[in-house]
Every structure is written in structure tokens, then in C-alpha cells.
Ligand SMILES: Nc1ncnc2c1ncn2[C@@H]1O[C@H](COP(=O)(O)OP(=O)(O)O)[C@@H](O)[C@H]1O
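Next up: a single chain in C-alpha cells, the form predicted on its own.
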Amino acid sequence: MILSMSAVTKSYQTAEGCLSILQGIDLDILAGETVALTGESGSGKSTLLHLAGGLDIVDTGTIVAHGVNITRFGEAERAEYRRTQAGLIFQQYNLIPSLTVKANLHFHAQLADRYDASWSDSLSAGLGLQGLLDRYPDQLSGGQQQRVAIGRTLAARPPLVLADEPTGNLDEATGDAVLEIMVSLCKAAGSSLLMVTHSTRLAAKLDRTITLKSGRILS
């Protein structure tokens, strides 16, 4: 089991009072599995992903990742968890503008002390970036930037990849191509994938789909 969430709840204080986002989430993801997380806007998808990635903390319940209870982590331990165990991919590419494509691809792996030149070369080839390595992010298309963001995350071979609408800013054809590459490379890296998406078409490309409604899992 790469990720196990048990009875997880999360709420936020608003001007109108306490807003409950997640209500007793139980979720297990196996090693190497690809899972789509779907649901309407406001159903709690991104919140669940942020909790699994150590970007936020639960109100109640437990999250065990790679056999370790991350709900007990402090801020520094959560940062280390994100460096080495949970790779994050967002709609916004979040590339470092002053670094070349090559340097961006190596960035996380070097932080995690997991840089592997052979694996990096394989990622560059698989992502179709070999001819772009000396360019800067502002010289790339949206699809190319997202490929770099995916490669940067996978370069460290994290056991768990968490992707929040990673193709949301791309047109359908480009998004489909990027998703297929991401799924293929996750499997090559031995990484599990939990991906938030609004698209049932894209969700169908993964091993399994989980649907959230009003903070609860329907399926």
C-alpha cells in the first residue's frame, strides 16, 4: 500500500462559520496503481490531494504514506516528504524561469539526492524534450512546459505522484498526449499516480476512478 487515508476530515473557518470540506475519507492506493479523482467543483478533490501531499494537515483521521503516518509530521518533515516521497504536479507549471529546461528537469532530483543521469536522459526522450534542453520556460509552449513539469517531478522517482488537473490548461489533443506520456513514465518509474480531473474521458485512461461528492467518496 503506497497511500492509505482513514476517516480523514478537513474543514476551514470562513466568515460564515466552519465549512466542512472532507467528511470521513477512507482511501487506499496500491503501489504502481494509477487512480483518477473526479467530482464537481467544491467536492474536495484538491483538498484531498493537498493533504496526501503534506501541503495541509488533517483535522481528524490518519494518512499513512509508504508505511509512515504523515499526520504526525511537522512542517520540516512534510517538506522532506514532498522532496523524497510525494511528487506534485499542478495546472500551473511552476517552472523556475531563470533555469534552462535541463536544469529544471534536474532540480527536484538533485534536491532529493536522487539524480540519475541515465534516468534523466530517458525522461527527456520520453517527454520529447531532447531538442529543447537549452531553452528557458518562456521559450516553450504550454504543452512543452507541462512536459518539463512532469519530468522534473518524475526525475526523483517518487513513490507517489499527485497531479491536480495537470492537463487543465492544454487543448484536448495536447492534453491527451501529455497524459499518456505521464502515465507511461509513472509506470516506468514505479510510481503510483493520484490525479484530480474533471474529465471522465481522461479518468477512463487510468486504472481506477474515485468520485467525490460533498466531501465523501461515492465510488
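No experiment lies behind these values; they were computed from the predicted model shown. When you see a residue number, it is the position in the sequence shown, counting from 1.
The form predicted in complex with the named molecule exists for this protein as well; it is not shown, and the discussion that follows is about that form.
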According to a 4.5 angstroms non-hydrogen atom cut-off, is Gly42 in contact with the named molecule in the predicted bound form? yes
So in the predicted bound form, does Thr34 come within 4.5 Å of the named molecule, heavy atom to heavy atom? no
May I ask you to state whether Ser46 is within 4.5 Å of the named molecule in the predicted bound form, using heavy atom distances? yes
4.5 Å heavy atom contact, Leu202 to the named molecule in the predicted bound form: no
Go through 155-163, 176-184, 62-70, 46-54 and give me the stretch that gets within 4.5 Å of the named molecule in the predicted bound form, heavy atoms only. 46-54
